[in-house]
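Presented below, as structure tokens, is a lone chain in the form predicted alone.
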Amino acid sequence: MQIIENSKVKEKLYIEKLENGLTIMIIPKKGIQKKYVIWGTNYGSNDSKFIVPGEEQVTEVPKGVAHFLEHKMFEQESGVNSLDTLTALGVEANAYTTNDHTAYLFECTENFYPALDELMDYVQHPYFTDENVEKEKGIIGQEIMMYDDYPEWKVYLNTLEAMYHNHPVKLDITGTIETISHIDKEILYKCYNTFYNPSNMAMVVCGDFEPEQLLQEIKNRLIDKKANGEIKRIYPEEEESIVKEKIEQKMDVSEPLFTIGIKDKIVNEKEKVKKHIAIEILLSIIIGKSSKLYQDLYNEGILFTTPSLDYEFGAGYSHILITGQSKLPEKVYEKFKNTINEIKQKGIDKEEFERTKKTIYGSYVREFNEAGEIARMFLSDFFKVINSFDYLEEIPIINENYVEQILKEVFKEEKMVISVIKK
């Protein structure tokens, strides 16, 4: 196993790529009670058009298959649901689907290996029938309708709708009632066999383990499956421009919700960690909890709480999202743009830059305190071709000049949108 050590957080990553292509990452933490495992596939809601390894023709499946598959994986031929089995063992189990990956996980203090048996059994043995697929359409249909009534989800989706012309990142991860109506067991098996190949998957385990022993236990539970070739994913061409600057919708909310979005260019492979850190620093300086803008908006009664600040990126997309609640969302948007222009003209205050950088560095270090945070972070970053330790290594060398360059390149008014949910 390759060992990557980070002296800043005194953590070691043991990593091995098996013959079947599966990457296993183990982060041992001596003395902790909690054990956490997450097994993911590099397959998310964006991947509905692709070429299967060994085939020449393009396969296109309905939107929402990745999420549908995640739901169906727990159902076993015996009639038992694996989630119930894991709960009976006293472990907390779950699964989730994102734009880029799907993951199955559990955390526990006891019964780790019996739970690992169940996890590795159900992920490697799908069971789809015409009947259970039809039944699931009703369940997921209800979930779609529930999210349609959820203002926090709609304000987010509407922001993506305002930014993206063609890229599937703008679509709901669950699909629509119309798209899932076209899913059948053959589509599910085809997507499973394509994307749930070990060579497209990774497993991360964090807890008090001896890495070599744990690796052998994982190998013992793997079925004999060979690595397949490269999956060619096909995404539509995306224009750099936004679709429209503003989207407004009325829903049942106590106060208006808003998301300000900034559409970015596709992230340069070599620069993605550095750029991500620079954007985090900038967002904190512009509208973070300690910023002048936030203090002014809060004191004026325009903002109620600190807005959430996010930078999302993946294959063919990247964007910034600032989400909050305000009586006057348009006022927040206007002052946000004014603040950016002021900083562009005056430059970044050196003391504020250093203070913000230290705060963000501290938040990175704290992420290594909790087994679940560590495991989810390493899996998500792995599928973005990032080692999570890279953030700790890159942040000390980032300077004001680079951050000001990113401010000018990314924070452009013509790339900004605002989505508002009003009463």
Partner chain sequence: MKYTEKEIKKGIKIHIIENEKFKTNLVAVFLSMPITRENVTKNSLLSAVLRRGSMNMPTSTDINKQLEEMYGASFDNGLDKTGDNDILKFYMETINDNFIPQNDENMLKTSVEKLLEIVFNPLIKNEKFNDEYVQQEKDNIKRIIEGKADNKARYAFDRCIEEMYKNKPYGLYKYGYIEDLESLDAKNLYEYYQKMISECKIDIFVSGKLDQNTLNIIENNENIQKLNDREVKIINGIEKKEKVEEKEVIEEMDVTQGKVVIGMDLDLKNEEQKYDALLYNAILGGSASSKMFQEVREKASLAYTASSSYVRYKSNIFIRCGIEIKNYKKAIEIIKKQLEDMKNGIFTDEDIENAKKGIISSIKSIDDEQDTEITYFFGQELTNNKITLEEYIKKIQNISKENIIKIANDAQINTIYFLKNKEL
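Positions refer to the first chain, counted from 1. Just so it is clear, the model here is predicted, and its values are computed rather than measured.
Absent from the display: the form predicted in complex with its partner chain. The rest refers to it.
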**Proximity to its partner chain in the model of the complex (heavy atom, within 4.5 Å), stretch among 225 to 233, 184 to 192, 84 to 92, 337 to 345** = 84 to 92
**Message:** Please determine whether Val58 contacts its partner chain in the model of the complex, using a 4.5 Å cut-off between heavy atoms.
**Reply:** no
**its partner chain contact at Lys29 in the model of the complex, heavy atom, 4.5 Å** = yes
**Prompt:** Using 4.5 Å between non-hydrogen atoms, is Gly138 touching its partner chain in the model of the complex?
**Reply:** yes
**Asked** Would Thr98 count as touching its partner chain in the model of the complex under a 4.5 Å heavy atom rule?
**Response** no
**Request:** Would you kindly say which of Glu248, Glu178, Asp148, Glu271 lies with a heavy atom within 4.5 Å of its partner chain in the model of the complex?
**Result:** Asp148
**Request:** Identify, from the list Tyr391, Phe50, Phe368, Phe382, the residue with a heavy atom within 4.5 Å of its partner chain in the model of the complex.
**Result:** Phe368
**Message:** Check for me: heavy atom within 4.5 Å of its partner chain in the model of the complex, for each of Pro114, Tyr196 and Asn200, yes or no.
**Reply:** no
**Complete:** Checked 1 to 22 against its partner chain in the model of the complex; residues with a heavy atom within 4.5 Å, sequence order, are Lys8, Val9, Lys10, Glu11
